[in-house]
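Have a look below at one chain only, the form predicted alone, in structure tokens format.
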């Protein structure tokens, strides 16, 4: 049963009737308890949820939000923002990953030191595995491997998802937090918050290739669709470090808002959630410059990209 207080719509009255873009960026604002929808560098709608969302993921026409303090996961319709259901969760849900069809969720339990595979239909825990201490962000590859950043164990745990068996534990820098796979999924990039660097992992060998310095407190990582550039947000500096993926040399450092965290790339643009500025910076990947700063609700921290909604509602 859907609680009336949780039902919300993506509101975009000025944009009704316009053609829908190829993909949509969803921005979760924690303190503002809101999800903002961005297309082609502009805000096109927003939806309000009941409580502070920490992480957003998308799959199968749904958007999923984790609520660590609420011990729950919210499932919304990607097109309208209507809350479809609220899934109670036994632990402190933080990192999220969704299967492409949106039927399966993977949830990192921050305080429980485990990762769970859930049915997105009703929240049933189908399988579970122990992780290191304080599992943060997680990412799922196309072959069914799950990568977990065990922040306080300074390692990455790798699982096969059918039985949730751990395949490897890989030592990285200090306090790994953010993860991003290259488009061919042969490399995993890990942002290490307290050692101010980026570890590159060979996903075939499940071993680290190298670690390179970036800026202070790297909290978000994303890779361009051609695999040529790696972008890392530096929370304390208010910047994004742009690395050449081939040489791992720094190609540029771009100023953004205060305390940037999550970052995603879509259609030639990078979108950066500026936690303390209540905004999203839009970076042009061709010029490596900030071209817009979009106001959003208080405390944006996480972003996800998904296929665009079929329609924009008034």
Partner chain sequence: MRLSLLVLPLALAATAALAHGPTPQKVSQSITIKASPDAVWKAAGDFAGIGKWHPAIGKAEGSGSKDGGTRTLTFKNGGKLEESLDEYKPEGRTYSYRMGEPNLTALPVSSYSATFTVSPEGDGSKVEWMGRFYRGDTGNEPPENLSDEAGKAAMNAYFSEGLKGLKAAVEGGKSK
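Residue numbers count along the first chain shown, from 1. Bear in mind that the values here come from a model prediction, so they are computed numbers and not experimental data.
We do not show the form predicted in complex with its partner chain, though everything after this point is about it.
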Have a look at 142, 207, 133, 163 for me and say which one sits with a heavy atom within 4.5 Å of its partner chain in the predicted complex.
-> 133
Of 196, 80, 211, 104, the only residue with a heavy atom within 4.5 Å of its partner chain in the predicted complex is 196
Per-stretch contact check against its partner chain in the predicted complex, the hit in 164-172, 117-125, 223-231, 89-97 (non-hydrogen atom, 4.5 angstroms) | 89-97
May I ask you to check whether residue 290 falls inside a 4.5 Å heavy atom distance of its partner chain in the predicted complex?
-> no
Partner proximity in the predicted complex: residue 45 to its partner chain, non-hydrogen atom cutoff 4.5 Å = no
Its partner chain contact in the predicted complex: residue 217, any heavy atom under 4.5 Å | yes
Any chance residue 59 has a heavy atom within 4.5 Å of its partner chain in the predicted complex?
-> no
In sequence order, which positions of 227-266 have a non-hydrogen atom within 4.5 Å of its partner chain in the predicted complex?
-> 235, 236, 237, 258, 259, 261
